[in-house]
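Starting off, we have a lone chain in the form predicted on its own, written out as structure tokens.
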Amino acid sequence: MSRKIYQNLIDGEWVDSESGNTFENLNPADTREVIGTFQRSGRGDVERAVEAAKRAFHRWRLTPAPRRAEILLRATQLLEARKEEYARDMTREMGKVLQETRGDVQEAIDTGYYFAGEGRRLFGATTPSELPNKFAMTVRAPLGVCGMITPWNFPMAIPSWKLFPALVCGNTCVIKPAEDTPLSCTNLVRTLVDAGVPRGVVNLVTGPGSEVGTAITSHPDVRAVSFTGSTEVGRKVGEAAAGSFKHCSLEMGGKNPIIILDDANLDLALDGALWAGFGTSGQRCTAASRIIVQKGVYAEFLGRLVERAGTLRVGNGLDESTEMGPQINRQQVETSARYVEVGRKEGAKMLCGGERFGDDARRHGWFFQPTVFGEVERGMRIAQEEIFGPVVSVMACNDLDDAVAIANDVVYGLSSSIYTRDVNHAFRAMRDLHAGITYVNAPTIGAEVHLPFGGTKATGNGHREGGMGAIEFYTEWKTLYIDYSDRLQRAQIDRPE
């Protein structure tokens, strides 16, 4: 059976890489299955893509924003029609269960509808001038060519977070998806092409980050870079972008806490902890790998969590009964196993899981057991470092102040959560948790597309995706003064009496 070959999109044409080199996209649930063959691109392919985007920008920026938005609207309607097809493609290449991949595609749909609406907004401001017969206002101007580097865990949702706002603002784009999940981003880009995006406005280049990603971030004609991935790589992206004063948005790691107080609804908290800890096999930047439980309910909650985690159905995500799929690749499984050993050596108590599945049904995939550690101390590495796997640490706390102190005692600050029935505790936590996102009586995952998404400290560099945060990133303010006095007026000097 012949394998499908996928190409780069450059200047409106689907083309092979200059080198002719390719790589295979494998199913993490069964690595014997090749999803497709993709282009292993290099700097020359990026050069061509950026040049195409640069040419297209001059016409695209002059296309009225409502017209740009109409193309996004058509693309979104096509995504709705193709939702099930794209969700199944995503499960095959990424592994997470169908319920989650349908949600991933739906998030792209929601993002498309939101930013299509922005085509008739993109608001600036009008304001009084300090001088007579003078008018002042602000408008948003596009940046130019935007480079985008996206991760494998949300392989359609996150590309949509970047592409849709950039396009409606009048920018052109060069996007590089993760090597592990190029198909979902290709499906999104193909949908935009089918909806009528002009040639050169969106360009897709697949390949390794060390070559393609570096070429994008260092290219002098790329005026903005949006990156989602690890803190280690994000730091390099930021350094490269700073050399040519590019706008740079970095969305990186997390070590997100759920706080459960004595007065919490434990049934609700348990459901939330399982979903946040083991959804997407723990492979979310917002995953809750730390659960901080007040001592009065610690033993009960921990026992129930271990029982539920040990019975999760782990397998191929295409099976509707599966509750947790595989990890994305060998490296992620090895990372989970390594941190299990670290936790044991640090003195934490492993209460379930801790190994890769080796049975016949799962031995060809990257399946790791849902793992729970108890008796975890706040300074342990498993309580401090991002694991990005189904490994959850449970810690005891004395009270709310102690819980917040433990929660804040990490280098990251993306998402956070508290379960309590006390409104005073809830509001104190919302004020005092050092995180870009806080949920009350809900897990650390579940962001909505019309609200800003991002974190503090080592999680990011201050920019936000989603909602108006994305519009802010993909535009620059231009201030306009129109003097109709027919004489020279010097601000701050010629003050009217």
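Quick caveat, the model's predicted, so the values are computed rather than measured. Residue indices: 1-based, along the sequence shown.
Keep in mind the form predicted in complex with 2-aminohexanedioic acid is missing from the figure; the text below concerns it.
The three residues F154, W161 and T286 all sit with a heavy atom within 4.5 Å of 2-aminohexanedioic acid in the model of the complex. 2-aminohexanedioic acid is not shown here, and in the model of the complex it never comes within 4.5 Å of any heavy atom of G42.
A residue is said to contact a partner when one of its heavy atoms sits within 4.5 Å of a partner heavy atom; E107 meets this definition for 2-aminohexanedioic acid in the model of the complex. Using a 4.5 Å cutoff between non-hydrogen atoms, A447 counts as a contact of 2-aminohexanedioic acid in the model of the complex. Among residues of the shown chain, F453 is one whose heavy atoms approach 2-aminohexanedioic acid to within 4.5 Å in the model of the complex.
The stretch in contact with 2-aminohexanedioic acid in the model of the complex, judged by heavy atoms within 4.5 Å, is 277 to 285, chosen from 277 to 285, 405 to 413, 341 to 349, 319 to 327.
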